[in-house]
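The form predicted on its own is given below as one chain in structure tokens.
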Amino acid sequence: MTDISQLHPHSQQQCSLKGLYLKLNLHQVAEQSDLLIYANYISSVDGRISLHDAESGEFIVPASIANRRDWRLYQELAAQADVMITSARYFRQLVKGKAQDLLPVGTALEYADLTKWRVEQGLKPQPDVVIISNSLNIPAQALAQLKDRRILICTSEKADAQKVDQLESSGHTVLIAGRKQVEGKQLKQQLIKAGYRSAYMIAGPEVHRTLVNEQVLDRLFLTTRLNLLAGDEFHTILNGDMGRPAALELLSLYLDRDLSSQQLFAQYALTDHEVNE
């Protein structure tokens, strides 16, 4: 069904949801010895990506914006990744049963075309995972759920040596990417050294800010669900302060006309020039 309208670059052609992002071939964009890092979020029109849940004490994606159609594109972006960048917080949520889902690419029948596509492209069946953590507070039982892929942990020089030893003795690779905390540029260099060319960042707004602030994030995919949520305790796609605004270039914009989940799919490039004040 062609229920996607391309708004930018403007086109009269209608698109189908399936394959909308897969055709970007993000795993081939970076030159050899370089790395494309891209991030993805879903938000309400008033900028909420998660709301505070009083019962669990966690910030969770509201059911009013989460939907299967956006999740399909989330999976398509994962399918193009050599490695996924996430945080220790995800694994702590996973062990509590609070994580949104197990890391993609999904094994459900509806995503079988994506695993087949990866094999055809010469990629591993599943992308590797790099976990950003300064504390190394990562539950072992959560890590054990990802036996089908390589796990790397990125931390700082200040990390607890005993925790580093425990992780390495469990077969995980620990990388140092910063003095006091994980730094974006050092993270990128470590991933390039490991041979990766495409990295999909699915961590929260603090990690996002680190990558944006250090100018190592290349692309941002943002789904905007056409509703308003309000609420005083919420997260948006960035937390904290940045040294300067980040300039964006709109690469593509689509309108999902499906009545069950009207939304906009935008793709931005992060440019290296300063925003005019």
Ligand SMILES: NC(=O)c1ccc[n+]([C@@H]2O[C@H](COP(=O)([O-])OP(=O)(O)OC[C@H]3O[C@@H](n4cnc5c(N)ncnc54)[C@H](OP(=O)(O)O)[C@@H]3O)[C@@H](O)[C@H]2O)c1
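Note that residue numbering begins at 1 and tracks the sequence as displayed. Quick caveat: nothing in here was measured; it's all calculated off a predicted structure.
There is another form of the same protein, the form predicted together with the named molecule; it is not shown, and what comes next is about it.
For the options Q190, S198, Q75, S133, the one in contact with the named molecule in the predicted complex, meaning a heavy atom within 4.5 Å, is S133. For the options I37, I42, L26, V212, the one in contact with the named molecule in the predicted complex, meaning a heavy atom within 4.5 Å, is I42.
Of the heavy atoms in H172, none are within 4.5 Å of the named molecule in the predicted complex.
The shortest heavy atom separation between P139 and the named molecule in the predicted complex exceeds 4.5 Å. In the predicted complex, at least one heavy atom of R89 sits within 4.5 Å of a heavy atom of the named molecule.
Using a 4.5 Å cutoff between non-hydrogen atoms, H235 counts as a contact of the named molecule in the predicted complex. Only one listed stretch (112-120, 125-133, 164-172, 75-83) carries heavy atoms within 4.5 Å of the named molecule in the predicted complex, and that stretch is 125-133. The candidate spot formed by I49, I60 and V207 is fully in contact with the named molecule in the predicted complex: every one of the three has a heavy atom within 4.5 Å.
If you take 168-205 and check each residue for a heavy atom within 4.5 Å of the named molecule in the predicted complex, you get Q181, V182, I202, A203, G204, P205, in sequence order.
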